[in-house]
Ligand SMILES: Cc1cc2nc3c(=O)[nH]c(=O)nc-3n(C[C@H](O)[C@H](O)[C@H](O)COP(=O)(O)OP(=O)(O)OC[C@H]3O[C@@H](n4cnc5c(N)ncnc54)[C@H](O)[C@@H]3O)c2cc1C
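Just one chain follows, in the form predicted on its own, and it is written as structure tokens.
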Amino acid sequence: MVLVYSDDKKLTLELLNKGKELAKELHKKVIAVCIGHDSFAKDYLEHGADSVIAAEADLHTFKAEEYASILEKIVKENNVEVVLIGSNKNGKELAARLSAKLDTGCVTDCTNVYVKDKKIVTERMVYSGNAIAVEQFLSHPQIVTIPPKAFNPLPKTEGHKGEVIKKKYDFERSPSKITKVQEMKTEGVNVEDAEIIVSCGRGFKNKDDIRLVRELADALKGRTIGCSRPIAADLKWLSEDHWIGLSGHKVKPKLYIACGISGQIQHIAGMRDSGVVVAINKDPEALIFKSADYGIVGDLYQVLPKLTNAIREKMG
């Protein structure tokens, strides 16, 4: 049995694609898990799950200890061999705790997972994206976390039949207590779902100059602004929800325009899955050009206004 879980619905749908593929290779079934509700059960069935377990539990907020206790029981009851967990903030902590409870291995942030000699093999980037580690499990069950955008969801199959199993689970109450939840200050930007991103880097001299990027994004009807680490983390010219890179957001837009970005490997790791990449930089030796489909060597203060005007004339 292959089990798929994330507290993020969209990420669960992405995991179901890979889970379905692994289950087919192993001649097993794939099950999705909802904890505390069954709201998404129908969607999970229509996107590839053979069955959905809706775990009924008296939970009011996410605590990795309690969720791991529930998943541990589900894994043991269903003789699960492979566990795929969404690699977001909660998922990473949950996977580590679950692997400790089950006394088994866990590989995080995998960009590829496949079956070889009836065992799961994982691939993930290491050394800031300079190498790929290929690892194989020696223990069971095999727990893997997968980041968003690694795989696309399967097409929806309307009316796909499958079983929804509702069951109440007791679990170990965590002695920890959440005393305060403070929402992070953001600008409401969602770069991870954007189809067009215009991104800025250290090539900009002043904060006000970022208007050139906004104007280009507006002309492209994209309106999504990204940036490299120095702009968000060092200079604070944009909030961290714009930050694209190994420590920021990983994106997969159809079009990515990098303006004044040198192309350090940490930034490339966050945008390497983009469809078409356009780079604008005055340094012809900038590393960003090695990852670009199209490159413009020139001063961004001269290139961007001309490019924006040309796009406005073309698109109206």
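Residue numbers run from 1 along the displayed sequence. Throughout, rigid core stands for the largest set of C-alpha atoms superposing within 1.5 Å between the two forms. These numbers were taken from a predicted model, which means no experiment stands behind them.
The same protein also has a form predicted in complex with this ligand, omitted here; what follows describes it.
Though this ligand is not shown, can you say which of 102, 246, 115, 165 has a heavy atom within 4.5 Å of it in the predicted complex? Spelling it out, the residue with a heavy atom inside the cut-off is 246.
Please tell me which of 11, 300, 292, 22 lies within 4.5 Å of this ligand in the predicted complex, judged by heavy atoms. Checking each option against this ligand in the predicted complex, the one that comes within 4.5 Å is 300.
Given that this ligand is not shown alongside this chain, does residue 86 nevertheless sit within 4.5 Å of it in the predicted complex, heavy atom to heavy atom? No, residue 86 is distant from the partner.
Indicate whether this ligand has at least one heavy atom within 4.5 Å of a heavy atom of residue 124 in the predicted complex. No, residue 124 stays farther than 4.5 Å from this ligand in the predicted complex.
Taking 4.5 angstroms as the cut-off for heavy atoms, does residue 201 touch this ligand in the predicted complex? Yes, residue 201 lies within 4.5 Å of this ligand in the predicted complex.
Would residue 262 count as touching this ligand in the predicted complex under a 4.5 Å heavy atom rule? Flag for residue 262 set to yes.
Among the candidate stretches 63 to 71, 25 to 33, 43 to 51, 253 to 261, which one is within 4.5 Å of this ligand in the predicted complex when only heavy atoms are counted? Partner-contacting stretch among the options: 253 to 261.
Kindly check if the Cα atom of residue 40 is displaced 2 angstroms or more between the shown form and the other one relative to the superposed rigid core. Comparing the forms between the shown form and the other one, which are aligned on their rigid core, residue 40 does not shift its C-alpha by 2 Å or more.
After core superposition, I'd like to know whether residue 241 moves between the shown form and the other one (criterion: C-alpha shift of 2 angstroms or more). No; residue 241 is a residue whose C-alpha shifts by less than 2 Å between the shown form and the other one when the cores are overlaid.
2 Å or more on the CA of residue 112 between the shown form and the other one, with the rigid core superposed, yes or no? Where the cores coincide, residue 112 shows only a C-alpha shift between the shown form and the other one that is less than 2 Å.
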